[in-house]
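Form predicted alone, single chain, as structure tokens, below.
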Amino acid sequence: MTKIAVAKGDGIGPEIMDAVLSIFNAAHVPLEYDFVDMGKWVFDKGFSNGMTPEAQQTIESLGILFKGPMETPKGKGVKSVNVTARKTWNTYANKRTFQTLHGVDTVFSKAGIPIDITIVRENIEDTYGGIEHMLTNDVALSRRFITRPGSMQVIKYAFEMAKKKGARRITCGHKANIMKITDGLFLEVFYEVAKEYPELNADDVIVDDLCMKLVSKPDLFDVVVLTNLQGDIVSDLCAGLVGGLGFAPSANIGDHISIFEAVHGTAPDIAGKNIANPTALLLSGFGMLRHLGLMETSAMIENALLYTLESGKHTGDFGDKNSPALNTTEFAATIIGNFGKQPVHNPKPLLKNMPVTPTVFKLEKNPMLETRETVEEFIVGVDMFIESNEQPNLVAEKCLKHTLDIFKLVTISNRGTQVWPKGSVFTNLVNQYRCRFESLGDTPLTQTDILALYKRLMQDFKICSTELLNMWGDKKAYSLAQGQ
């Protein structure tokens, strides 16, 4: 018996988790459950991360968490327990599979267009770092981190998964045409990894074009890997293609700990009424069983679910409104009654079980993800983000007054658009400028040089933030302003 941690969740969470576990128990799934305390009610007891220390210790000792939907209290300055769990345990790959389910009518199922798309979303970085500051009363800043090691982890996972799946295509969704440094790095790593898998057809598409194609020709795509925020949006879009979040499983995969969960809401309006649809959590459970090597057991239960859906059995949120809806308990019981039956469409092969005991690592220190630099790094300038409601020419005049002999003022931009030395009077301004200083003659600078410039500029400006302009060899590690 393999022991896993189970968190029932908030709202409808306990009802759908009980339904899923009743199905697992009826199928004699060889799992033992250790129930842990997570969710809104744990926040309300004063645990700011939404879980008790005992829950965290249990999950870290077992390596598998099966969880229902959870709510984060609003307006209390706390982070989402879902995001916290994924980031704390470095479950870097969010895998969500979207497949046509016969009995769940959609525009595409009615048109006879089959859908089988797997979205792999980077799960740790991007704007989900939640690092935000108000630079002025009018200007908010969010820092977006895309790292080479983090990108490598999730992209390597996506290629390995695509290879095992026998995927016909793996696509990188990105916005590298605009975010040339951050998304550019993610795309660069994608093609670095692609070289190791010549048997896979690897390509890329700009994310807005990807969204258009997904809703017009979703059968073109197979496996798609994206950065965190874009992956979050695109995966919910794909859920809409197959009937909604009630039919969208989710797995969060890490090297040490993995989380399997339903990503829909807690639906407090129907909580306690025993009418919620447990399908998404059940589908997530199949992913967990396969992760644990319980292939035959997972396929048997999944075939029973598919047979149930094909038979027109449904909960109140989908299906033929002319046939009576089953409540949560009845729906689970119907699936149990269909054990051993095969659906007409897409039956799952009964592969042999290969039980795998989760490998739990006893870590002595935090793993450091780092890529060795192969070229020389040096500083060639600095961006000074300053607060001012003055016109660009006056800002430039003050900057030039304080510029040291080793610096030249190259450009001033506002919201990313150049307003000095060239610009347009039609460009609307906010009270925060980026003033870019570069070294004269491309002479490398020191942080002491930057600090000396900072001290001079602060005589006339409040400096909100600074960023060094680095060079890796002959490659600029910073972007230009629009219009520069």
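Since we're looking at a predicted model, the values are computed, not measured. Residues carry their position along the shown sequence, with the first being 1.
Just so you know, the form predicted in complex with a small molecule exists too; it's not on screen, but the next bit is about it.
Undergrad: Quick check: do 71, 261 and 265 each get a heavy atom within 4.5 Å of the small molecule in the predicted bound form?
TA: Looking in the predicted bound form, the three residues 71, 261 and 265 all sit within 4.5 Å of the small molecule (heavy atoms).
Undergrad: Given that the partner is absent here, state which listed stretch (148-156, 189-197, 171-179, 271-279) has heavy atoms within 4.5 Å of the small molecule in the predicted bound form.
TA: After filtering at 4.5 Å, what remains is 271-279.
Undergrad: In the predicted bound form, does residue 12 come within 4.5 Å of the small molecule, counting heavy atoms only?
TA: Close contact exists here: in the predicted bound form, residue 12 approaches the small molecule to within 4.5 Å, heavy atoms only.
Undergrad: Does any part of residue 86 reach within 4.5 Å of the small molecule in the predicted bound form? Heavy atoms only, please.
TA: Close contact exists here: in the predicted bound form, residue 86 approaches the small molecule to within 4.5 Å, heavy atoms only.
Undergrad: Answer for residue 338 alone: is it within 4.5 Å of the small molecule in the predicted bound form, judged on heavy atom distances?
TA: No - in the predicted bound form, heavy atoms of residue 338 and the small molecule never come within 4.5 Å of each other.
Undergrad: Contact between residue 230 and the small molecule in the predicted bound form at 4.5 Å, heavy atoms?
TA: The answer is no: residue 230 has no heavy atom within 4.5 Å of the small molecule.
Undergrad: Just to confirm, with a 4.5 Å cut-off on non-hydrogen atoms, which of 204, 317, 160, 330 contacts the small molecule in the predicted bound form?
TA: If I apply the 4.5 Å criterion carefully, the residue I get is 317.
Undergrad: Pick from 284, 298, 308, 82: which residue has any heavy atom within 4.5 angstroms of the small molecule in the predicted bound form?
TA: The option sitting close enough to the partner is 82.
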